[in-house]
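Encoded as structure tokens, the following chain is the form predicted alone, with no partner shown.
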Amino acid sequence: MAHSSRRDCPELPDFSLLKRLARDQLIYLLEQLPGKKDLFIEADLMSPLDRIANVSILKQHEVDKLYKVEYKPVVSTSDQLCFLIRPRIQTVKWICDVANADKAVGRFRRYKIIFTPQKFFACEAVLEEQGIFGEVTTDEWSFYLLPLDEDVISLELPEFFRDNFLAGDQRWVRTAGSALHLLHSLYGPFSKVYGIGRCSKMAYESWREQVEQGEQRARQAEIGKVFLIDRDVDFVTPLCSQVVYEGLVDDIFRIKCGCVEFGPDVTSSDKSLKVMLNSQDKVFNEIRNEHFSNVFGFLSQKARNLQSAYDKRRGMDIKQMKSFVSEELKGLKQEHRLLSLHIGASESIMKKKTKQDFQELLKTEHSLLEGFEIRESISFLEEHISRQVSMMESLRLLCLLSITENGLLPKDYRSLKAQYLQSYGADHLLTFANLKQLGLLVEQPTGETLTVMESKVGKLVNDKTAGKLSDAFSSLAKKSNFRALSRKLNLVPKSDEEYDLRVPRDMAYIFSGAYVPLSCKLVEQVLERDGWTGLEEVTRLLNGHEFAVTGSGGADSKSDAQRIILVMFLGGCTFSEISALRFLGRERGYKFIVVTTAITNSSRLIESLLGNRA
């Protein structure tokens, strides 16, 4: 069932070193506050921290009690408080309130703030404003990269997308550059770096700056080429419904830091169970990248094989039974437990995702991607909104309609917006403003407004400046150019061809054969051409900012490292894209390492842009 890979696929580097480095640095920082202390941890750091240093390790280094940062008066009786936080002004203000409340009642405590992955000047300015700068020690835990699996690494910065692409706050760009620098220091040098997107260019420049400032040491390269890609280069892929097994598990159960919590409906007991999902889980590893329609067949075959392995016990003599118990039984029991969980999860997915509504939803998505039956798709969307099926699904479909059609006709835009606000509340006006700003949900300009404006500007100023202003107007228009890109790169396979999902022939299988993810197609094309030559029209449609740079030194052209490609997504990456890259790697004899600011999906992408967020 699992796709066969080419025999010459290279071995991946060992990323467990990243965990060890992060753990050792955290221990060193905790020991800078000698004696017993209570540790306050920001909520979104709890899961990543658990993967690096569990409670027993923290206890070994004199952490007495653990608390979650909750923005209320602390109940700790310890004389030493340590705060492990993201560099957020709200959290720093709360720590100032804690210190000032202690001061008001004459209580003396020692305070230490550990910012991760870095501290910002704005946070230190708050400490100074609140009058406690000299009473608090601050440190930085350079925890940039969390390996979620042997080929997936995350910065665990979900706010990167909204901060950078919507708010224009570029503070995390240096963090991305530092993460790249760490990988380069441990597993480089890289032979080639390709990228597309404004943020990617800035992250590359930040990384080069850090390389030039540091000392260069010759080492054996373990990674050959690097590809940086901005999330706003391809919004269509994260807006499509995921149908590979791992993507569906994430959509329904929410995978967090490589872990998922299965409820009683999956575990067939009255308890929930936390499960680590990675390549160590043999059952999961074989189905994670499969189209969901193939998963049940595999699981039932696996169950039959397992039963046959158990049945071998019959007719065994004492010596054979002893050997069976000591060598095979434990493994079979573990596999049986995992099989049972994935069957339960698949049944739960079936109940939620194979209803008539879901099939209609997929049909509508495929119509939008192909550019057919647009009026029928709009009618489906209107019904979806009026029935209040799902606020997030409705927004997602609106965005998909807008991007694939390069904006909505003014009458459709106004009508659908009015219907949405009536169904889900006028407080979503700000959501629509956010989506418009990002180019996710826009109205087609009436007439030739932009062209007229550009020609007037051209008459007033010289050609060079006019060209720049024209570019500025084009970027303001936020056209997606999806149709043109789809034709150039053949993103939508011909629908009249039969697509066998059991034997995928290209990356389109991750969307039932309807669409090849643009982000992954770009990676494939650039690697084939060893750069952007021949893709000039594509990069123009994507608003440019592409680059290709040859590294100094790097892996020998014939070495295994040349076939290990690191793809860094700035703004989030979906499990569907990871599955597509794994498929491409198997086909071409590459191994892909995916580095992302966070794992995303359509729900998380839309959630981050809601205007009524708390």
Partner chain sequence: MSFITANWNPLGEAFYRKSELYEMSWNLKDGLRDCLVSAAPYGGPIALLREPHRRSPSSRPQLEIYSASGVSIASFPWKSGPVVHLGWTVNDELLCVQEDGSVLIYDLFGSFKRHFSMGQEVVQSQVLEAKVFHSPYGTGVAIVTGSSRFILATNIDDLKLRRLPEVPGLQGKPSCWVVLNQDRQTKVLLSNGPELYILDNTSCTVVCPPGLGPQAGSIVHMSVSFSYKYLALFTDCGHLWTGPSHLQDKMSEVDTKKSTPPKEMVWCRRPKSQQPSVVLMWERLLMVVGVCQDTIQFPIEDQCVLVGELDGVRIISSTNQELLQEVPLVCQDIFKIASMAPGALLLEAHREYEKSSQKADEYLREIKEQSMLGEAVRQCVDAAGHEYDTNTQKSLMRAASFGKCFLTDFSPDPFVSTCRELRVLNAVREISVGLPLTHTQFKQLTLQVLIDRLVYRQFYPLAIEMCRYLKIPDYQGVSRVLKHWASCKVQQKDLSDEAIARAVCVKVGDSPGVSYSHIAAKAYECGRTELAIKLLDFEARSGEQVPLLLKMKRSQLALSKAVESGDTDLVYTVVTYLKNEMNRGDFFMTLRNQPVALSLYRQFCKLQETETLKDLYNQDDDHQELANYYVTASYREKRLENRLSLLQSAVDEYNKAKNEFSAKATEEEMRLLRFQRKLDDEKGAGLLELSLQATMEALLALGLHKQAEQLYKDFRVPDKRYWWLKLKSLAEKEEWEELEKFSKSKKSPIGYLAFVEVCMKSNNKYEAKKYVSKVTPEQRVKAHLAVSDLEGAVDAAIERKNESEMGAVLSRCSASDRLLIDRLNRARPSTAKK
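Keep in mind that this is a model prediction, so the values were computed, not measured. Positions refer to the first chain, counted from 1.
If you look for the form predicted in complex with the partner chain, you will not find it shown, but the lines that follow are about it.
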The partner chain contact in the predicted complex: Glu383, any heavy atom under 4.5 Å: yes
Contact test in the predicted complex: Asn294 vs the partner chain, heavy atoms, 4.5 Å: no
Contact test in the predicted complex: Lys72 vs the partner chain, heavy atoms, 4.5 Å: no
Distance check, Asp265 to the partner chain in the predicted complex, heavy atom within 4.5 Å: no
Val226, Val260, Cys240, Val126 - the one with a heavy atom within 4.5 Å of the partner chain in the predicted complex: Val126
Contact assignment for the partner chain in the predicted complex, among Arg109, Lys93, Lys256, Lys112, heavy atom within 4.5 Å: Lys93
All of Lys488, Asp530 and Thr533 with a heavy atom within 4.5 Å of the partner chain in the predicted complex: no
Candidate stretches 284-292, 428-436, 338-346, 146-154 - the one whose heavy atoms come within 4.5 Å of the partner chain in the predicted complex: 428-436
Contact set, 156-174 vs the partner chain in the predicted complex - heavy atom within 4.5 angstroms: Asp163, Ala167, Gly168, Asp169, Gln170, Arg171, Arg174
